[in-house]
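Before any questions on how it binds or moves, here is one chain, the form predicted on its own, in structure tokens.
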């Protein structure tokens, strides 16, 4: 008998943790549970379709299931189909690695107007998440609020020509939506000054490869701070780039205070750095201002009552990692350090031989669970259907995924 560990969330933080646990103790039974029928979470549904290099980490995570012995159990929503308490009773340790799927709100008047879209929801639609809303109409002059990497992702995708999506996993519907957007201008606006922006300079420099845009950077300023100087240098590289028909403008030091319009958003009202007001006309307002907890796992209450929130221990036998532990900060690779530290904590606290708990046996009889083999069938169908110029076509409905996976047979 060996210890049994359930990790809730098959995204990067969950996969990195499973890797660390099994590397340290290969005979562990590690089950990676996800509410979706497919693994890899943020890599599949958050990373932009044209960043296939970043998505390449999936090949590393696949080895976790194919060689290291981790078990994938998909289409299982904890606290909906099985309670967290029941899961804790069945496993020696349970780790919550479900990320932060909700979008932060601006908290200003007009935020509920049509034409206002949060980045998380829009990114899910672009990545063909099975629970995503339809792709929205953005009009000729969208404004993007925020200047982190998510905002830069949206800007880059919306500014690309159809030819620049070559090699991506953007599906036919998404490709057609981008090609027909009719966007003439994109403004990307940050509350902070340019030197304090949250984007990665590499992401900004990548914009200098776009073919169909003209880029302007307004009011970036200067700074003696080394980190700020890197961001300002990246902006300087792209300022003046291109002569394309789409005008991309970076602006800083504007705080949104209201959105106005009759049937949909027409004007964004900002407070300027000197206390004045500026009004910017727009046909859509996209917010990329961070993420928050959402769903049935009650993350905020668990973290607030944690025994050691910083160390990832929520309670006896219950842990958290990744964004679920530390909030919406850090990149995908940064979850590896989280995982390695937490793996040491868990292995020091659980009985190496296990406690004789039932583990995955409590899941028997639950309908439509998806195994790793089921995911492989979905994966094979997606890659086989890829048209010329694309690396896959995602299956966008849960029903179709389940039909392909034949999950219940695989888990017996």
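Residue numbers count along the first chain shown, from 1. What you see is a predicted model; the values in this text were computed from it and never measured.
Not pictured, yet referred to below: the form predicted in complex with a small molecule.
- Though the partner is left out of this view, residue 247 does not reach within 4.5 Å of the small molecule in the predicted complex, counting heavy atoms only.
- For residue 256, no non-hydrogen atom is located within 4.5 Å of the small molecule in the predicted complex, even though that partner is not displayed.
- In the predicted complex, residue 236 stays away from the small molecule, with no heavy atom inside 4.5 Å.
- Residue 333 belongs to the set of residues with a heavy atom inside 4.5 Å of the small molecule in the predicted complex.
- Site annotation in the predicted complex: the residue of 204, 155, 98, 339 reaching within 4.5 Å of the small molecule with a heavy atom is 98.
- Among 270, 199, 252, 291, the residue placing a heavy atom within 4.5 Å of the small molecule in the predicted complex is 291.
- Stretch 321 to 329 is the answer when you ask which of 321 to 329, 135 to 143, 206 to 214, 276 to 284 has residues with heavy atoms within 4.5 Å of the small molecule in the predicted complex.
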